[in-house]
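Heads up, the chain below is alone and in the form predicted on its own; it's given as structure tokens.
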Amino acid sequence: MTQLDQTEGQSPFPVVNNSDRAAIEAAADNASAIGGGLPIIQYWAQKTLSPQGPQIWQTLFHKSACLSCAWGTGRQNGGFINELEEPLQRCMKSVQAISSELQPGLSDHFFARHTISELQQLTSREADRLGRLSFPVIHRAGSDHYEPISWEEIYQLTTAGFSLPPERVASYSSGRSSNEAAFLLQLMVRALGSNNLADCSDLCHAPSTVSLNKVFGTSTSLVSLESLRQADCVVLVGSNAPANHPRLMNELIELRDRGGKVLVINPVKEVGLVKFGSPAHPLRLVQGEEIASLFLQPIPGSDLALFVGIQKVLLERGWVQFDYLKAHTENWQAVIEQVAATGWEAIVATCGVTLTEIVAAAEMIHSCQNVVFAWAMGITHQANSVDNIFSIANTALMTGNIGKPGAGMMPIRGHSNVQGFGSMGVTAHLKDSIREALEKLLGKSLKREPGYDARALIEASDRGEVDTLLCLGGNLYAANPDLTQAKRALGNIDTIIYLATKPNQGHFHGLARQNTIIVPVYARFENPHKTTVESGNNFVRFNSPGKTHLKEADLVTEIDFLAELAHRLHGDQPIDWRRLHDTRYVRQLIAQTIPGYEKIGEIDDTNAEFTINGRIFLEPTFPTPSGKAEMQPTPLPTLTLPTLQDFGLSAAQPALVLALITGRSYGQHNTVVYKEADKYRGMPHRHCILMHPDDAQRAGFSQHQRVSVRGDAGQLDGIEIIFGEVRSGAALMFYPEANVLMKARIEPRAGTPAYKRVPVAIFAGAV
């Protein structure tokens, strides 16, 4: 493999010799009995005592929100402080993200020395470790290199691209940027007459938005951090919080300390959800704290059946809060009738959880006064994800656990400002209230028809119906199922503009037909503007200005790039687009147009961060037409798997079909990989499949054997079998590498792919 040079002279291709591999595998085979613990301290010491350490500490204390998950901390009055004024609220993922952004910049000869063909061989981790993007480049049709480009040519090409018919232009965004950039992006695109505002949330929590809005008239968490502190039970479904939202683990530890209970539902028995050691609780850092009071492992995709089972126990034992349902819900009779008519045999067969376990779960929920129901992508990445969340909502309503302190529905969002982008109107399905406010601001009617969400954008591009795409962060290529289709679809677009801080695989595989432009931008803590972001619990944080460590870099802020582009497209009508370089002015426009964000118009004067109005429900009155929650019946899913013959394999050969869960490793954030090994799952590298020993032995496979894994879109060879605590009939592989296996099975109401139940065949094939 060709070794690419870096500014520090390091190869992005780490060479793993035999002794190193043995050490990695030994660490994996002796995986810690707890999540977190001393390895967190060791990692902090390794990073903060390194030559990069002073920069990391300076950034950790910078007054800006965490770069990582939507539970991340960081406030105007201190980088370690959360919304309840509590100190020491930083996690290892925050350090990983900061360290990655503090890499040296790419040298001006880097792209001249390395071809696209070479760069396409890089893994996600290798691409990230190349360093920071520090000057703008373009890939032109017919070339095998990126080359430098002037800012004037960038604006000319981008302006020309966005001057085409509005139905043929689109944007895609991630939660890495600010509310101000998000608002400006959607305002610019909608003023063109396009609603093609795809977002990374389309690929993760769109089902949460759809289902919560249908039932409660709101699309975000109904629970604040303060309210969570009043819960005596958390039902945590389809989440690997120890890896993806470590700060949430402190809340679960403290809940257990005050006598509360945690019901964990996950097909994979993650060690950190059994026991976790947090640096915020140093006396139990080594031994850890028990997290799960009860751990259930359903068949992937069957969570709905499990919740219907819990509801059936509540109904049969007289524990349903009928007075609450009659006073505060609609359509409850249909839900109760469906639960009563659903037989136990079908429930148990569908979810794969015993009746005894279902009863224990129902008893736990009933025994608690205040229950928070939380979920992540194990719920949303299913073909029936909207119904999944309906079933959780029904359970919460049947027990009276909505609309009071310490109770409610709490989707656990991923990227740190992904919820803020939705609030700002970056969506293909704009709320009427925001549209009407934007029409007043722009002085004209806006298009009513929905635009492209992320999957619809890929499908339209695959049909040749998109000419120009601007990507504000993210990695649209790698985040999609069927990477072959994603690459082909992006290759049908004439012009793609990527705004990014670091290279990723999408910059090398997601090449446009004519011009692919990479625009280097500032990281959040470097941004010279004051900006805001929104947490997953509806709290708006105010980020102070910063400066970059890249002394000679030619960077632009996202705000400045979008404001200049908008001015070139729209002139000075119907608003002064160049005035949008001033983020204070942008915040004043947000206050005028985004419901609940009225206080942002004064934040420059008050410095007062705030919880968004109208989202936290402490009484059971909801912004639905009736003021009541609208319960939804939830039919049991039919969960079957193809046969070996469906994959073109013989039933006589050593092979089996499993439901594959694709997920992130413990050393990963979205598509960015920080560590190749995942010691908590005992997986020494990223080309592994985690299987139940009984499944492997039934097919005649042994641990560490190399096999082939085939889906309906592709095949991966040389995959190492690792035995782990995944339920029988299921398996786990890492995203995004496994995305090549699957075609997109879409939840039609939300547009989100079923990444967590992918039928695959495992067989002894090519190595």
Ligand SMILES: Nc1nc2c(c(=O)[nH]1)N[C@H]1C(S)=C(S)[C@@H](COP(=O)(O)OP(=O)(O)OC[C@H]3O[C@@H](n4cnc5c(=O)[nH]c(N)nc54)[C@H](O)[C@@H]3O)O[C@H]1N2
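Just so it is clear, the structure is predicted and the values come from calculations on it, not from any experiment. In case it trips you up, residue 1 is the first one in the sequence shown, and so on.
Keep in mind the form predicted in complex with the named molecule is missing from the figure; the text below concerns it.
Although the partner is absent from the chain shown here, P267, L476 and Q668 each have a heavy atom within 4.5 Å of the named molecule in the predicted complex. Distance criterion of 4.5 Å from any heavy atom to the named molecule in the predicted complex singles out E101 from the list E126, D695, E101, E167. For the residues T395, S239, N196, T329, the 4.5 Å heavy atom test against the named molecule in the predicted complex is passed only by S239. Picking from 115-123, 485-493, 504-512, 604-612 the stretch near the named molecule in the predicted complex, with a 4.5 Å limit on heavy atoms, gives 504-512. In the predicted complex, no heavy atom of G536 sits within 4.5 Å of the named molecule. Though the partner is left out of this view, R664 does reach within 4.5 Å of the named molecule in the predicted complex, counting heavy atoms only. Looking at I402, you'd find every heavy atom of it more than 4.5 angstroms from the named molecule in the predicted complex.
For D303, a non-hydrogen atom is located within 4.5 Å of the named molecule in the predicted complex, even though that partner is not displayed.
Along 364-399, these residues reach a heavy atom to within 4.5 Å of the named molecule in the predicted complex: A376, M377, G378, H381, Q382.
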